[in-house]
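This document opens with one chain alone, in structure tokens, the form predicted on its own.
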């Protein structure tokens, strides 16, 4: 029996749902058929992640960790549990996170802990008591540390794999400085890291906002966050970074002796790129009606080799395919030779659904002509190329694929922001999947009531003020009519 006669595998390889018309079903189905996650674990919000997604997320972690190392951060690993006494030391912080905390109270059959332990919702209260022991002198500063960790929060909204869960994967960076200016510089560096990695490597464009005072990190001074646009017109928060001032230093007694031998409180920042959430956003932004479209840089397999043969020429085709596989592997390209007993057409559909960036087709003609057929998933195009120089050809094609994916994603941002001067025009913008730009009374707590009225009437949230552009209000608040102090952006969100 030849390859063209073999029956298709029982597992359906074809994926064809309109992402634009039905994004929720598209997302649910692609997580299932591409074997990214399995929601049948049986505990709400806790989802097993499967090899195809984990392989990409490991690569994504590596890119972020390399950037952090390059910028002076060092790794550490802390326990998953936090004593309740630690969690309650910073009042605003504990008030902000207590409703989301999972508590451990018992052990064994009937043992009871002397003190409740929290599964970390974030690690400030775990790390900073140790920082107070480690930091003694100005010579110990700056201290820049990070860890790769799981975070646990009792999410009250509906859960969805990667995008919103009760356990998620992230990197958290916690930094200590002698001055507030240094801390604020670190915040800007974190935002640059977000643009460098999330946009430059993962291909996900973002808009960066300074959050309002009622939407900042509990216990901090200011929060800055990167949002991206999802296919259903909602935005989702990706990495955020926080200027903590000296609030946590005072709560956890993080002091140092300066060069004049005077005791001073330190200043701190923290930065939290949630890799699992970024992954969910990345596949949503780049995917199409045939399934995933993964960037070349983070795809588990960058190249899939599909041999095409009949029984009489199987040996020569497989020998040539293995030779190409070996050359690509030695060149550091993540490659997979798909020698499974299914038809080439089934494999094409399968790998298009999985989002593999490049396919190499090899049949008797390619062997005879010393060529291969290259297929690029982003544009669904193929072209024959010589096997000589194939490595460089693939690397250049990988760069072109990533550039195309980013350009296509950025095009969704064109015309995204709409100026609005009333509730009606805000609703109209949000209903069209846009972001409303409005004049607003204040992003300090004075504006909290107006923000609540906006959310109640539009189902939109104030994302904050832009920090990458200089904007000055000229009129009055869209809600209360007072002189506007800020220009804010409103969107529906996850």
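Since the structure is predicted, the reported quantities are computational estimates derived from the model, not experimental observations. Residue numbers count along the first chain shown, from 1.
There is another form of the same protein, the form predicted in complex with another copy of the chain; it is not shown, and what comes next is about it.
Of the candidate stretches 66 to 74, 423 to 431, 462 to 470, 22 to 30, only 66 to 74 has residues with heavy atoms within 4.5 Å of another copy of the chain in the predicted complex. When contacts are judged by a 4.5 Å heavy atom cut-off, residue 83 counts as touching another copy of the chain in the predicted complex. Using a 4.5 angstroms threshold between heavy atoms, residue 98 counts as touching another copy of the chain in the predicted complex. For residue 368, no non-hydrogen atom is located within 4.5 Å of another copy of the chain in the predicted complex, even though that partner is not displayed. The shortest heavy atom separation between residue 139 and another copy of the chain in the predicted complex is within 4.5 Å. Of the residues given (254, 353, 169, 324), 169 alone sits with a heavy atom within 4.5 Å of another copy of the chain in the predicted complex.
Of the listed positions (408, 154, 313, 88), a single one reaches within 4.5 angstroms of another copy of the chain by any non-hydrogen atom in the predicted complex, namely 154. In the predicted complex, 126, 130, 133, 134, 138, 139 are the residues of 122 to 139 with at least one heavy atom within 4.5 Å of another copy of the chain, listed from first to last.
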